[in-house]
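Form predicted alone, single chain, as structure tokens, below.
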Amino acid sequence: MLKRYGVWIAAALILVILPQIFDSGFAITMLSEMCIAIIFALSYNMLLGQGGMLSFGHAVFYGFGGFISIHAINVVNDGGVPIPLELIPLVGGLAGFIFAIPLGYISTKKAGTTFALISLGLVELVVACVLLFPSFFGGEEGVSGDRMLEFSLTGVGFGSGIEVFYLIAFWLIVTSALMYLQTQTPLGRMANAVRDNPERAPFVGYNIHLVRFFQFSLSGFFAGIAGGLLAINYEIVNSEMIGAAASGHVLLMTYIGGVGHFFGPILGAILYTFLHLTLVNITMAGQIYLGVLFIVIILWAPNGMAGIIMVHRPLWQAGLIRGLLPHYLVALAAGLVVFFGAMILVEINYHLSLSIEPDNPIRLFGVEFKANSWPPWIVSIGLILVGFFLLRPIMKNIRLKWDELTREMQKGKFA
């Protein structure tokens, strides 16, 4: 029992404790957005990780669930259907599911590049409808509402951020458990089979189009729940939720975390949301750093953060991981040298290009200097070159040490 449900119990306890430790308004908002991003990323992983369907329009169901949810809140406030706020995310999920049925039936007839292009056309079509149907989408301003409904299953008013966080955390546990259980069902297994070998899948009696269609529809359902939770959290929904940018964000989260493992999108959503919310308060070049992180992951860790963790699992179980730690620490130091050099270069360029008064000094790491002087350029380029020069032999030593520990682990297995 503990082995089977221990992870879920621990996750629930963490969600209960975290807002008690990080109790500032910004921290509660960040935690809430992280939870919503996890649901959204896991729903996207149902397409990409399980079904092998690269979609550029998954935010359509996320945004549509958000719009239906905010309209449902307004209907309840106007004396319409008495729906408690705790069930509003389910309304968004059903909206996403219903909207995914016709779109999924058409788009899942194709796979690969064709499916990706169809999804891209889909998101552009829906974005165009935002201005065509202002009564539903609210135009550029969006649709707002008041989440403090009279009807509540728990008696909570949901006026404070921490109350909303616990509602989001509840739905996070429920949806994550359901999406994990779905991976163990025949549909989840066949989605993996269709992803890996669509030519052989029909020979076991399954229609690959229907498998993709069911997987697509379910992912739309969970994306709609995430959209409904966002509508409750911010009490406003606009076109940004439904556009290509939101689809790009969830793609980055999933890839950074790793599509090959269930917990990969969870890690990616947490890291991406943290960086996205904090960098915007620190620098104007936040999107550049997120883009560089994505490129680094794709080039040197294509299986994402989860893949990095899982590839070290055998060495951890064999008790040999300590042999790599000193090498990793040295590599981290050299990587930070490259990062700091690149950061200085980016920041001085942004200051010169976008600052109102580029001749004013810039402050980085507690040091004040002028961006249009030559010393910062020399220091930044020098740090980049020195870091790359140090990384080459360090990475070679890591590969040699990895091979050595792998051979030692294999000897231990057959001893």
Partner chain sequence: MKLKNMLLFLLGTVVCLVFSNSAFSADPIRIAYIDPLSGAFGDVGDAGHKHFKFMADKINSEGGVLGGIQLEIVPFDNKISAKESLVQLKHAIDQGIRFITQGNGSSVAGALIEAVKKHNKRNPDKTVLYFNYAAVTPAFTQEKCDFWHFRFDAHVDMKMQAITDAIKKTPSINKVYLIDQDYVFGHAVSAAAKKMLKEKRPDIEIVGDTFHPIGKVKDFSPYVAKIKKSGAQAVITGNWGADMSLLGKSVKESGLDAAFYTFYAGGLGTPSTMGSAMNGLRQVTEWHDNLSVEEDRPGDAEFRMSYNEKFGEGGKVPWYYGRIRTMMEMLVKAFNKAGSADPKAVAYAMEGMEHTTYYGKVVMGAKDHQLLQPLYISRFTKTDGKMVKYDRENTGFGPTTEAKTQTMDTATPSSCNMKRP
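Residue numbers count along the first chain shown, from 1. Worth saying up front: this structure is predicted, and the values here are computed from it rather than measured.
Missing here is the form predicted together with the partner chain; even so, the following discussion is about that form.
Original post:
Among 388 to 396, 21 to 29, 7 to 15, 402 to 410, which stretch has residues with heavy atoms no more than 4.5 Å from the partner chain in the model of the complex?
Top reply: That would be stretch 21 to 29.
#### Entry: Position in contact with the partner chain when the complex is considered in the model of the complex, options 321, 173, 277, 90, heavy atoms within 4.5 Å
None of the other options qualify; the answer is 277.
Taking the partner chain in the model of the complex as the reference, which of 153, 210, 336, 177 has a non-hydrogen atom within 4.5 Å? In short, 336.
Whether residue 378 contacts the partner chain in the model of the complex should be assessed with a 4.5 Å heavy atom distance threshold; does it? Taking the distances in the model of the complex, the answer for residue 378 is no, it never comes within 4.5 Å of the partner chain.
Legend entry - the partner chain contact in the model of the complex: residue 229, any heavy atom under 4.5 Å: Taking the distances in the model of the complex, the answer for residue 229 is no, it never comes within 4.5 Å of the partner chain.
Subject >> Non-hydrogen atom contact residue 238 with the partner chain in the model of the complex at 4.5 angstroms >> reply: Close contact exists here: in the model of the complex, residue 238 approaches the partner chain to within 4.5 Å, heavy atoms only.
Q.
Within 4.5 Å, heavy atoms only: does residue 340 come near the partner chain in the model of the complex?
A. The answer is yes: residue 340 has a heavy atom within 4.5 Å of the partner chain.
Next on the checklist: Suppose contact means any heavy atom within 4.5 Å; which members of 146 to 169 contact the partner chain in the model of the complex?
Outcome noted: Going through 146 to 169 in order - heavy atoms within 4.5 Å of the partner chain in the model of the complex - the hits are 146, 147, 148, 159.
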